[in-house]
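Presented below, as structure tokens, is a lone chain in the form predicted on its own.
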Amino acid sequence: MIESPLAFSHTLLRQCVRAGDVVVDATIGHGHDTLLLAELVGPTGRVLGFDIQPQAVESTRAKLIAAGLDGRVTLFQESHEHAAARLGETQTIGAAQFNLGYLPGGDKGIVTQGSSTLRCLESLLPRLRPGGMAIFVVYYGHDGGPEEKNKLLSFVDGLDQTDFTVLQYSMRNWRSDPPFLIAIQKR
């Protein structure tokens, strides 16, 4: 069966995240990806989660506590552009997950920004272990969305294929700015 971009991101995470990994959820939203990542890293791994909105942090924390996985996750109410600094100087990561756009059910005026997304990506790519991935589910049907989408696509098009493999996964016949996925795997 053909998976939606979001479901496919979870398939990719299940393939690349290993028990004991440190991973980043760059946009925790309502915590669905954070919960999956906490399960995948196991009791010896760690998830660092970022969101600028207090309701996203609270919703995610409640979901993690209910699942008994809150001890594997550190949540930060701040921009994902600070993720590398929170990792420490030498920490490698198994994955970074991004959902670009706005918090579903939240204020549609608060959206991810291309400049901070690229700063985050540029700082995390060198931290990926071989086989690790940075995965983006790109929602762009909002003010500023097309600009962020174009910045991301331009950036990934310039990545050296000897260092990274870049996948774009999209639904060609979906209408109204359908989300798509970009996965960057370190070779």
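Only a predicted model underlies this, so the values are computations on that prediction, with no experimental measurement involved. Just count from 1 along the sequence shown to find any residue number.
This next part talks about the form predicted together with a small molecule, which is not shown.
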Exercise. Going by a heavy atom distance of 4.5 Å, is Arg129 a contact of the small molecule in the predicted bound form?
Worked result: no
For this session: Using the partner position in the predicted bound form, report whether Ser116 sits within 4.5 Å of the small molecule, counting heavy atoms only.
Result: yes
Exercise. Pro104 near the small molecule in the predicted bound form, any heavy atom under 4.5 Å?
Worked result: yes
Exercise. Are any of the heavy atoms in Val47 no more than 4.5 Å from a heavy atom of the small molecule in the predicted bound form?
Worked result: no
For this session: Choose from 66-74, 149-157, 121-129, 26-34 the stretch whose residues reach within 4.5 Å of the small molecule in the predicted bound form, heavy atoms counted.
Result: 26-34
